[in-house]
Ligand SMILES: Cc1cc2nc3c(=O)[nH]c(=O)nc-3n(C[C@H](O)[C@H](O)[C@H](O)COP(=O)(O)OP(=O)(O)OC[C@H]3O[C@@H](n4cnc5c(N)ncnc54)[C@H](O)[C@@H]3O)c2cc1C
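One chain is shown next in structure tokens, namely the form predicted on its own.
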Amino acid sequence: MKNAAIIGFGCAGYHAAKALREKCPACDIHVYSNTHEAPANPMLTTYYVAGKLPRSGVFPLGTKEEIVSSLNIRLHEDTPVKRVLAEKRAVVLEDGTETVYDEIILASGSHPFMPPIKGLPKRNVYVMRTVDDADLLLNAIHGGISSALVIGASWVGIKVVEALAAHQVPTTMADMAPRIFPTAILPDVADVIHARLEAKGISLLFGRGIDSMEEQEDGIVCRFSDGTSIKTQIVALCLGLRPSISYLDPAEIKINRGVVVDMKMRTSVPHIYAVGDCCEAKEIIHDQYVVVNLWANAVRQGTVAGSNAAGGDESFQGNFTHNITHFLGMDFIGIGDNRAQGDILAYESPSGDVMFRAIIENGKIACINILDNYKISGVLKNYMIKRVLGSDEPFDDKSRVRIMEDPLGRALVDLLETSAASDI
């Protein structure tokens, strides 16, 4: 009987186990988790803090007991993996226990980046990734907070700002970048969001990095690279994620920023796969390998790896960076690479409440920004994937009907299909 190990019990690990069990009903599947919780959706933690979801709502795949029963897996909870010996295909635990497996799927996810900030306090500084992180922040809020500083104008950062605003906590957002969502947004779209945030009472400090912190009796003084400083009661660091792969030896398995995989989710070592936030897979716009920290990405990669570990032959089509986020009454969609150079397609609804921007680079859509219209994100993403892969086909009938029901309607269809037919 084939035995398999899955390192990590998040979204990617769950879907790897699910596909593996479907393809191999008799497989002995061991799942190693460093928590006692069911798989959580990290982006839902801020909804829990804001009071929009109960704690149980952060676990969309079911309870731990339901998952273990339905997938018939052996879950090793609260059991961090010390080392994976890739050449031996062995999993080594903290107590020295070493087990060899036929197949190993690395699904260990990512963790918040913690920069070496001078004077960083040990108290009243928070990150947001796990349910435990959310519990800590919520407990602090319930204890009473007079002010907060969120460092990092990221997707997580703005959701933490929203959660704090839901509890009427005066909040400042700061970032070294000149604008919010620096890896996705175009400048004129950012300007609109900045104005709206400030109108809601959110203070913004962009274009300056954090230099040092000093814990004082009544708060934390944060000093920035331009010489300015502010005092706040708590700080939330939302400065991005790093793959959690310290248990791997780069001399044994190919690692760049994450574990490098091919389109079958195979690593450089036979019978070892990597999925989700811990791996680098093909990014189809620029044909390079990157980490894409998205739930849907983890679902598909986990499914491909689980199927192939059971003897299947599935492929991952590749992905590109895209995010859809709702915050403080606004919706922003960023698809593709905002560093792209080319012609800009622009549209604003007659009422002025919807913005659309696209960059056409080398005849292909390289970037899309949409403000305040989330309903057509899936249609646009699928259309963009086809365009990037070389298709010049117009919207299919189903997509056309859906998009024509939207306020962008005919204007957006004409913009995109005209650019597809041109020699741009």
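Keep in mind that what you see is a predicted model, and the values were worked out from it rather than measured. Residue positions are given as counts along the sequence shown, with the first one as 1.
We do not show the form predicted in complex with this ligand, though everything after this point is about it.
Note on contacts: among 32, 48, 395, 356, the single residue with a heavy atom within 4.5 Å of this ligand in the predicted complex is 32. Checked against this ligand in the predicted complex, the candidates 172, 268, 233, 323 yield a single residue with a heavy atom inside 4.5 Å, and that residue is 323. Of the candidate stretches 364-372, 62-70, 48-56, 33-41, only 33-41 contains residues with a heavy atom within 4.5 Å of this ligand in the predicted complex. This ligand in the predicted complex is approached by residue 12, whose closest heavy atom lies within 4.5 angstroms of it. With a 4.5 Å cutoff on heavy atoms, residue 276 counts as touching this ligand in the predicted complex. Using a 4.5 angstroms threshold between heavy atoms, residue 349 stays clear of this ligand in the predicted complex. For the chain shown alone, residue 150 is not a contact residue for this ligand in the predicted complex, no non-hydrogen atom being within 4.5 angstroms. No residue of the trio 101, 261 and 306 has any heavy atom within 4.5 Å of this ligand in the predicted complex. Shown without its partner, the chain has 107, 108, 109, 110 in segment 90-124 as residues with a non-hydrogen atom within 4.5 angstroms of this ligand in the predicted complex.
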